[in-house]
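The data below hold one chain only, encoded as C-alpha cells and taken in the form predicted alone.
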C-alpha cells in the first residue's frame, strides 16, 4: 500500500497538533524516511518542542529529519522585495516612485501575508520537497489553515488577471514602439510576465498535490471536549468542499486507564460522553487515541516515547 507522501496535522488551537506532528515526523525519520517537518503556525511551537532554534531554513534535528518554521511576515517582506527587484528594470524611471508606493500599499492589504505564505508553501510542495520521502506540515489553528487551503483557486484567478493585464500593457508598448519607429525584430523578455506565469503553474501543481489522495492526507487533532468536536466537524465539511483528502482523526489527551481518584472519575465520565460523541460524528475517521501524559512532551526523546501510542501507520 502506497502511503501519502504529504501529511497535514491541524486542529483547534491548543489541542496538541504540534506535538503529534512532531512525534509522527520523528517516527518516520527513525524508520529511514527522509522527512521535512514544516510549521506554518505563527505561534512557532516547533522550536520549543524540539528545544532548538528554528527559522525558515531547514535545520537537521536528527538523522533523516529536518525542520523549519515559516514566518508569514518575513515571507511577505521577501516576496515584496522580489517584486520590486523584478520591476526595477522594466518600469520607466518617472514611474518608479509611484509603482513602489503601490507595491508598499499592497504589502499591508488584508491577505498579503497569507498569499506570501502560500507561495512558500507551494514552493516546498512542488520543488523544495521533491528530494524528500515525506513532508509533514504542522498547520496553524483551523480557521487560518482553511483560509490558506482555499487560496489556490483564488490566487489562480487573480494571477490570471494580472497576466492578462500585463499582456495588454505589453501589446500597447509594442504599438507605441511601432509608431515611434523603435520596434525591434526580437521581442524583449518580460520578467514580470514570466514570473507570474511560473507562479500560476506552481499554484496549479500545488493544488493538484493537495487534492490527490494518493499524495496527501489531512489529519485532524482534537480533544474529547465539546468545542474541538464541533470545530473539527465543520472543518471536515470544509475540506471536503476544497477536495482535500482526509486521513483521519487523532483524539489526544485521553485519560489513561490507570488514572484514579474521585476528581478523575468525574472527568472520566464527562470524557466518556465526548468520546461517544466523537465516535458518532467521525466513525471510521478515528485513527488513534493518545493518552494524556504525566508530563509535558518535549525533545526527541519525549517524542519517541509518544510515537508508539499512535496506533496507526502513517
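In this text, all values refer to a predicted model and were calculated from it rather than measured experimentally. Residue numbers count along the first chain shown, from 1.
A second form of this protein, the form predicted together with a small molecule, is not displayed here; the remarks below concern that form.
Q.
Taking the small molecule as it sits in the model of the complex, is residue 290 near enough to touch it, meaning that at least one heavy atom pair lies within 4.5 angstroms?
A. Although the small molecule is absent here, residue 290 would touch it in the model of the complex, with heavy atoms inside 4.5 Å.
Q. In the model of the complex, does residue 13 have a heavy atom within 4.5 Å of the small molecule?
A. Heavy-atom contact with the small molecule at 4.5 Å: present for residue 13.
Q.
How about residue 253 - does it come within 4.5 Å of the small molecule in the model of the complex, if we only consider non-hydrogen atoms?
A. Close contact exists here: in the model of the complex, residue 253 approaches the small molecule to within 4.5 Å, heavy atoms only.
Q.
Considering non-hydrogen atoms and a 4.5 Å limit, does the small molecule approach residue 300 in the model of the complex?
A. So residue 300 does not count as contacting the small molecule.
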